[in-house]
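Consider the single chain below, provided in structure tokens and representing the form predicted on its own.
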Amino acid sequence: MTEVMTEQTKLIVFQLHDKEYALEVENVRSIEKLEHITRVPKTPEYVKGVINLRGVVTPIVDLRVRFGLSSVQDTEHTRVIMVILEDKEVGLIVDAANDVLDVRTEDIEDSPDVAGVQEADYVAGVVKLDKRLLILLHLDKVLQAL
């Protein structure tokens, strides 16, 4: 009997401007409700400020602004995804956190070549799941200028 091994990766799926994005769960520490953000002068526009989360002061990035998307009012579904990359912890404001999915690595395709789309620089690939398309983000590129 031949055993077929399928590699999988676990993804956090979130909503931003009517699209579904994903991050590898290994980079996600927690998902929090949006709380008071203290502005910090002379930071890039996409850095909304800092929060004190369980005693740790953490910078908060608005992904809509980072990707050049139009801004919207925060809602009860707005969340902050706390991510960690190379000992740097950052919160990412998203419209909603939707799912945690196990995805076969063969369902992840390379980033499409879309010229002129600002967020394309941050796209690591596209995940095809039945009728859903998830945009897999390159977290290191999203956080590059911080």
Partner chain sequence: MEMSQYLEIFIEESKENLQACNEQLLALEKHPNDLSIVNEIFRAAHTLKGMAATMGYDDLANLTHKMENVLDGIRNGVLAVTPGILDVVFQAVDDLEAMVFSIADGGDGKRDVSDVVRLLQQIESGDAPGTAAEQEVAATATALPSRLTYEAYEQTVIEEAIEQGFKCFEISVSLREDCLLKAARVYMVFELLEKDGEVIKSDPPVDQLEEERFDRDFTVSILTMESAESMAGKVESVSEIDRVSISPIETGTFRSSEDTFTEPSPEKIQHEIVEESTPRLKEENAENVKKAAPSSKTIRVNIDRLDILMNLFEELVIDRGRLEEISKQFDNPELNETVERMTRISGDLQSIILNMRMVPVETVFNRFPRMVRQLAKDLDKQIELKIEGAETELDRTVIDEIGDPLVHLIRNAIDHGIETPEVRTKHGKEPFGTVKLKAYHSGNHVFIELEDDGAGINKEKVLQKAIDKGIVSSDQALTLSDRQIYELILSSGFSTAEKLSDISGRGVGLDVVRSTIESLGGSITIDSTVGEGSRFSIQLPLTLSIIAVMLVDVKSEKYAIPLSSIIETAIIKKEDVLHAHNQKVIDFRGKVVPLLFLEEVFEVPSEGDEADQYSIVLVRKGEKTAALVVDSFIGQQEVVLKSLGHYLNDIFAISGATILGDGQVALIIDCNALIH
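Positions refer to the first chain, counted from 1. All of these numbers come straight from a predicted model, not from anything done at the bench.
Form predicted together with its partner chain: not shown, discussed below.
Every residue of the trio His36, Arg54 and Val61 has some heavy atom no more than 4.5 Å from its partner chain in the model of the complex. Put simply, Ile84 is far from its partner chain in the model of the complex: not one heavy atom of it is within 4.5 Å. Its partner chain in the model of the complex comes within 4.5 Å of a heavy atom belonging to Thr43. In the model of the complex, its partner chain lies farther than 4.5 Å from every heavy atom of Val103.
Looking at Val65, you'd find every heavy atom of it more than 4.5 angstroms from its partner chain in the model of the complex. A heavy atom within 4.5 Å of its partner chain in the model of the complex is found for exactly one of Val90, Leu69, Ile108, Ala97: Val90.
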